[in-house]
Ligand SMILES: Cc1ncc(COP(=O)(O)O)c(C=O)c1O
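Just one chain is shown here, as structure tokens, and it is the form predicted alone.
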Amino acid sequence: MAKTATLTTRKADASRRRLVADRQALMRTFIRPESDAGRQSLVKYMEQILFGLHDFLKNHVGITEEIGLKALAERFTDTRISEHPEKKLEQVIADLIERIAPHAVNVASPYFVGHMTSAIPYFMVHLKTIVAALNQNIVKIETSKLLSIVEKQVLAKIHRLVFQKNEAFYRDHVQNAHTALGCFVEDGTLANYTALWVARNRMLKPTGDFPGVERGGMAAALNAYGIDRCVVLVTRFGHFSIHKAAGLLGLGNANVLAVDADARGRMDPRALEGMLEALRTSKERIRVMAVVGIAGTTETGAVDPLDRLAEICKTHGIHFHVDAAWGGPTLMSEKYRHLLAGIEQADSVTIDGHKQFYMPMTCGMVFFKDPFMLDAVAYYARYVNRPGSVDLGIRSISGSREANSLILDSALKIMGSKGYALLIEHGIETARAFAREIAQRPLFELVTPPVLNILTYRLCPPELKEKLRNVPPEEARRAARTLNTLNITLQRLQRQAGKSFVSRTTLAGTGPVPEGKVVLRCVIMNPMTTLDILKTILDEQESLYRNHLA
């Protein structure tokens, strides 16, 4: 055995010695496979990925024995870049398949129902490959040309899906170099940041000798406008990117104020009006910069009453932003688009392409009802994004970025709105069926029924459920803490078993425990996830409870 290991090491060392970084080798590596073996290795795996993606993932991803992150980290501690090439293409590919992929997460599995990352259609890999090969940079027309034009068309298509303006409006703005219906960014976080950036700059715009907040800064802006602080209003279910944006924009994340939500996790319009009145009559001079409504909260999938919130914001002259990173594509379903009623009244809307448009990472989008709003964050430079140019980078927080709008455009043509609607409807209806199944099982308790395709529940054995209702407060608190511990442990055990996965979260401020209620969180977006699979997941949880926790 030792001789074999030594021989393998010697062969590897000899191979490394043969690899030299010279001009000839560099050019060969740069423009074509260095050998037939490299080509064959690439073709072997790429054929599986391109034409049998989900079988490839099933066979190669997440199939090894359980191994902890610490043990994995110990394998990746070499911090030196070798002077000469270490491996040939075929060796690198083999490493990716044999050493990396087995310890990745198979998010495409229909049993993986814990996060907002799921399977993608197989053709997305083809489209991504073409986009990578073209390597267009959408920051500037000179590095993208037609791709920038395509992007403006795609933005108009999704803008129309959201805001439903008339034909004349889109004829005027689809390819208008002086307006912008929205922009692509890397994710929903940057999309939310962009929306609040625009809201801040429009509220604290130039006045008198003050050049505007973007140039003069927050301290000068507050002084010029005679206010003490700016605040953003959202429920406690708002995505943490709202707090990050407040920090980055100079408001301070302590000025993101939580509006009370109802029992279903939706912003209470009466609570919003009450908070606005309290802020108006406060001794401090406070200006509300934006109200953020949510169309699909990260934790529970709740949808705020967007139509009512829009009316309140219009009455008070406040920027109304809707974070529809998750729920936005629901608009493609004629059956369920009513769940987002009022979104068309928003001033700005975030949608994530790599969520329910089923695109590869990373693709965020933000849209504005007013096509001139993005002028509030326009930047120019002599060498790029010059005034008067049609460069899309003028009105975007992102600099260089790939043409993932081409992927979305192609996917819309391949799927059609009805194709996407079928995916959305499957998720919503399967989630509702799963909720009914949970309610029928004595060991479980449904916590937040699904509005879209996210629900939460928890393990709640009858004897503990009884203690929560009919015992003194201190004993109820002990029972609630026991339930939290049980659900944390159950989720960990199921994750370690590696057959299926649900996530968990803590719903704050519910029940007798101040630190909140630990719940299991299920996201149904994989079209291959069926009710039978979800029943199997519950069966496994029941088995884990009886064998390890009861």
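Bear in mind the structure is a predicted one, so any value in this text is a computation, not a measurement. Numbering starts at 1 and runs along the sequence shown.
Below: the form predicted together with the ligand, not depicted.
- Interface residue remark: residue 325 is counted as part of the site for the ligand in the model of the complex, having a heavy atom within 4.5 Å.
- Contact between residue 187 and the ligand in the model of the complex is found at the 4.5 Å heavy atom cutoff.
- Taking the partner from elsewhere, residue 329 is found to have every heavy atom lying beyond 4.5 Å of the ligand in the model of the complex.
- With a 4.5 Å cutoff on heavy atoms, residue 192 counts as touching the ligand in the model of the complex.
- Comment: 237 to 245 is the region of 282 to 290, 164 to 172, 474 to 482, 237 to 245 lying near the ligand in the model of the complex, near meaning a non-hydrogen atom within 4.5 Å.
- Checked against the ligand in the model of the complex, the candidates 450, 427, 393, 296 yield a single residue with a heavy atom inside 4.5 Å, and that residue is 296.
- Screening 276, 97, 231, 116 for any heavy atom within 4.5 Å of the ligand in the model of the complex leaves a single hit, 116.
- Along 335 to 364, these residues reach a heavy atom to within 4.5 Å of the ligand in the model of the complex: 352, 354, 355.
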